[in-house]
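Coming up is one lone chain in structure tokens, specifically the form predicted on its own.
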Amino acid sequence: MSEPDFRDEELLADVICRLIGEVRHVAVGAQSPIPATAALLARERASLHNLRKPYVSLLGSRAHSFFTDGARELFDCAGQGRVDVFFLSGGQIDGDGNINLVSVGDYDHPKARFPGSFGSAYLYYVVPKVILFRLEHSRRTLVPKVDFISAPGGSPDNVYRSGGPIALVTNRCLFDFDHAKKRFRLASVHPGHTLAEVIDNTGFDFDRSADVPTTSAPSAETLRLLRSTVAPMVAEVYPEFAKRVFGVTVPIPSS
């Protein structure tokens, strides 16, 4: 039997969903449609298999958020140990798990400016499972060393830290983060991509096994959940994404 067809976004959502695992609370920041899809998929998959359903908080959502005070309440919950999974990205990410959300080049005379660190450093320290996500996998984004450290991937041994990166998901592959070595290890290469391609497009060195597996494709059940149940939920916050990926539109309420 042939594997069902799937879109790249569906594969990435499934990969992230499996990284989330069984947790109490998944929070997703703004402008994160694929992590949001993954979080909702994790909840619906748990419900389908009679497992503990995680709370899902999507910033910007009215239907899928327990926060009444936006990001400020997110920070409070995270500091109290009540957020188990969060997602971060960066204009640059290096092999030590450091992310850069500030600028490229000399700080006083930058070549490019990013939106800013916001609460990334704080959340990186207190959320147990931080999943890094970057759609553009290139030497421009995955660099040997970030130009500015907005949030460090590792800390000295004498620094207490309950949170940190567990993985980096890109459009080409999945990296695990080795906390003992404080560096990435290639876990799998996505279907349609190759190890040589990953090496050629990655600016930092990484560990890998002699035989790197291919990322598992989403199952027929996962695709059904995504397309029939999760997609309409995602459309509430990300209507353009839901329409492009799943062909789902949000009904316009009557006045």
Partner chain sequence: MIARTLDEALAPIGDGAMLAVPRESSGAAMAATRALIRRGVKRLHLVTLPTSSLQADLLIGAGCVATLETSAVSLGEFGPAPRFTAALLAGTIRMRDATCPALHAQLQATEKGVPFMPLRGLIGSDVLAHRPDWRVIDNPFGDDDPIVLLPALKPDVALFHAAVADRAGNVFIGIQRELITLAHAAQKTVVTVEEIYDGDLLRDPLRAAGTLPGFYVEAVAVEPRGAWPLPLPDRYGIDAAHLKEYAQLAATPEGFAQYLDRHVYEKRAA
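Positions refer to the first chain, counted from 1. As the structure is a computational prediction, the values presented were derived from the model and not from experiment.
Although not depicted, the form predicted together with its partner chain is the subject of the following passage.
J.: In the predicted bound form, which of the listed residues (141, 170, 150, 89) lies with a heavy atom within 4.5 Å of its partner chain?
T.: When its partner chain is considered in the predicted bound form, the option within 4.5 Å is 150.
J.: Which residue among 209, 50, 68, 228 has a heavy atom within 4.5 angstroms of its partner chain in the predicted bound form?
T.: Looking at 209, 50, 68, 228 one by one, just 68 meets the 4.5 Å heavy-atom criterion.
J.: In the predicted bound form, which of the stretches 89-97, 115-123, 132-140, 177-185 has residues with heavy atoms within 4.5 Å of its partner chain?
T.: Selected stretch: 115-123.
J.: Is there any non-hydrogen atom of residue 237 lying within 4.5 Å of its partner chain in the predicted bound form?
T.: Although its partner chain is absent here, residue 237 would touch it in the predicted bound form, with heavy atoms inside 4.5 Å.
J.: I'd like to know if residue 243 sits close to its partner chain in the predicted bound form, meaning any non-hydrogen atom pair within 4.5 angstroms.
T.: Yes, residue 243 is a contact residue.
J.: Decide whether residue 55 counts as a contact residue for its partner chain in the predicted bound form under a heavy atom distance cut-off of 4.5 Å.
T.: Yes, residue 55 sits close enough to its partner chain in the predicted bound form that at least one of its heavy atoms falls within 4.5 Å.
J.: I'd like to know whether residue 199 contacts its partner chain in the predicted bound form, with contact meaning heavy atoms within 4.5 angstroms.
T.: No, residue 199 is distant from the partner.
J.: From first to last in sequence, which residues of 50-81 have any non-hydrogen atom within 4.5 angstroms of its partner chain in the predicted bound form?
T.: 55, 59, 62, 63, 66, 67, 68, 69, 70, 71, 72, 73, 75, 76, 77, 79, 80, in sequence order.
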